[in-house]
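Take a look at the structure tokens below, where one protein chain is shown in two forms, each on its own, as structure 1 and structure 2.
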Structure 1
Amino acid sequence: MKIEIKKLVKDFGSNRVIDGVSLEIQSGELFFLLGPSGCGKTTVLRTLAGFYEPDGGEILFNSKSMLGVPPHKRNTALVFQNYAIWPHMTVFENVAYGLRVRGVSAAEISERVENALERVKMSSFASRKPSSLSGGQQQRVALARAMVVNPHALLFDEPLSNLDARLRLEMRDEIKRLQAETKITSLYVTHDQEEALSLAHRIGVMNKGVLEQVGTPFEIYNKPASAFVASFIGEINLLPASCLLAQQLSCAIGGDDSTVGFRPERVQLGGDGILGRVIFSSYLGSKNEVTLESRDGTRIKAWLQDYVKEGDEVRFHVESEYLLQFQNKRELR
């Protein structure tokens, strides 16, 4: 199912939470909405689900308007961060619940629930109660319950935020596998950049109710449209184009009224580069994280393959193809 959002607006009192957001989610796509807390991403998801009525704009499912359509008639399924599974029901009963309220026959319920549990590798837990399951297992049950009703769209609201680091990685792989198998159109809301970069077909980055950029993970990371996007996705060095270091890097091409950026991993040592002093060094095995200070006192982060220790003087440079420039009207808010 294709989802279209056109100039969506949502207000809560005098506070405009969504300000003219427009985007298209293609059929079968795993689309991520990414942004800091309070940026409006969850409000977009809940408006799509029908929990909120928009104050402006349109929502279309396969070109059909959803304005005024109640949640239970949109054929969407949600996966929440707190699992939202019934503690008094078994795993089987939790997954079957949505089918029962839809009046599906007992024989079909049994077959579909068994298939859904097998898909999430929870068949052997069908008779268990949620209290006996780990957080990752409960989230698998929530996934099975969402998929068993054959929704046109899956909506994920920070589903992994309550899991520990190891389980988050495990469930990331599981969600990616399941979405690839089912090809259900999916919108996934998160503030976790690594989650978005590792799972998404495309990402939309939101800031203060506005969609700043939409693109593939590669485009968002390597070709950010604004200093906000550049700084929110991964780490980046941002310098005023007027500073000496920016001029030494030969990147102040847009005049002084702009900001220059480059990723820490793009810093290279050697050659006739800029002289700097290592004021912090942390060796992590796969890389050496350092802070370099140039002669004008500007400090930057660098992730190096070569080990350097604090107090060393080195020469460094950044290839011009990796230098980014942002006009100050689009700078970090």
Structure 2
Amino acid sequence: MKIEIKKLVKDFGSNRVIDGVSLEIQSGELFFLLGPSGCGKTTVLRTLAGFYEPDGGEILFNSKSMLGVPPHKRNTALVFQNYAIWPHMTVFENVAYGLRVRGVSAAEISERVENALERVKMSSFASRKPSSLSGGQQQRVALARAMVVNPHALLFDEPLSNLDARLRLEMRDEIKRLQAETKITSLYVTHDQEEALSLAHRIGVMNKGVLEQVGTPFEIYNKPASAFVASFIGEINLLPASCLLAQQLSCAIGGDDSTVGFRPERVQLGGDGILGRVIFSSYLGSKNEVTLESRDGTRIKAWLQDYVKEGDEVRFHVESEYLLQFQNKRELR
């Protein structure tokens, strides 16, 4: 199912949480909304699920407007951040709930629930109460519960943020596999850039209620549309275009109104580059994280393959194709 969001606006009191977000999620796509907490990404998701009515704009499921359609008539399935597994029901009953609501026959229910539990490797837990399950197991049940109803859309609300690092990696692969198998249109909301980069077909980066950029993980990382996107995803050196170092690096490009940026791994040593001094160095084996200070006192981060020590004088440069330029926003000036 194709999801269209058109100029969505949502206010909480006098606070505008979503300010004109438009995007399309194609049928079968795994789309990510990525942004810092409070950027409005969860609000977009909950509006899709029908828990909030928009204050402006429109939401279309397969070109059909969802305005005024209550949550239980939308056939979306949400995977909650805190799992929201009902503690008074067994695992089986939790997964069966959506099917019972839909009036599915008892025989079909037990078959589909068993299948769904099989898929998330939880078959042996069917008769257990949720209180005896670990966080990861609860999240698997939540996944099964969401997918068993064959929803038009799967909505993930930071589903992995309550899990420890190892489980998170495991569940990440699980979600990717399940989505690829079922091909259910999915919206996944997270603040974890690694999760987004590794799973997404496309990513939308949100900031302060505005969608800053939509693109593939490669585009988002390598061609960030704004200084915010560039700094939120991965590490970046940002310099005002007017400063000496920026002008030395970029030669021709510039203008007072812009910012020049480059990723630390794009800094290279040698040649007739710019003169700088290593003031901090942290050797990690696969790379050497250093802080360089140029003659004018500007400091930048660089991830080098070369071995340098603190105090060393080096020459460095950045290939022009890796130099990024961002127009400063007016309100930020």
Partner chain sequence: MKKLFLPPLMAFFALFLVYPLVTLLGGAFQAERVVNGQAQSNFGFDYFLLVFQNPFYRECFANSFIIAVVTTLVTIALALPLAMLFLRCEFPAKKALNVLLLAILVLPPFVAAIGLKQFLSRYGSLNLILMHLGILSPQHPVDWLGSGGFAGIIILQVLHLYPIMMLSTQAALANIDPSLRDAARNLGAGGWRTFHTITLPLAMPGIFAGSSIVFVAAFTDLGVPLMFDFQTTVPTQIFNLVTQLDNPVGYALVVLTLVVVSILFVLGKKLGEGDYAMMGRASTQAETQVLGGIKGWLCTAAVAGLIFLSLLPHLGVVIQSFAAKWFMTVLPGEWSPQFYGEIFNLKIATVSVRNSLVYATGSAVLDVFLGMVIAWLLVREKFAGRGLLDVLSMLPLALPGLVLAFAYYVTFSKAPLPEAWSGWLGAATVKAINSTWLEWFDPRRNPTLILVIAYAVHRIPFMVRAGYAGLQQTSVTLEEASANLGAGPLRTMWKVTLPLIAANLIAGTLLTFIFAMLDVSNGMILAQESQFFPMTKAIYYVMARITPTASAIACALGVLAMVVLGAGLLLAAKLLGQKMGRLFRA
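These numbers were taken from a predicted model, which means no experiment stands behind them. Numbering for residues begins at 1 and runs along the sequence of structure 1. Definition used throughout: the rigid core is the maximal C-alpha set that superposes within 1.5 Å between two forms.
Enquirer: Can you tell me whether structure 1 or structure 2 is the form predicted together with its partner chain?
Expert: Answer to the question: structure 2 is the form predicted together with its partner chain, whereas structure 1 comes from elsewhere.
Enquirer: So, superposing on the core, is the move of R128 at the CA at least 2 angstroms between structures 1 and 2?
Expert: The answer is yes, as the C-alpha of R128 shifts between structures 1 and 2 by 2 Å or more after core alignment.
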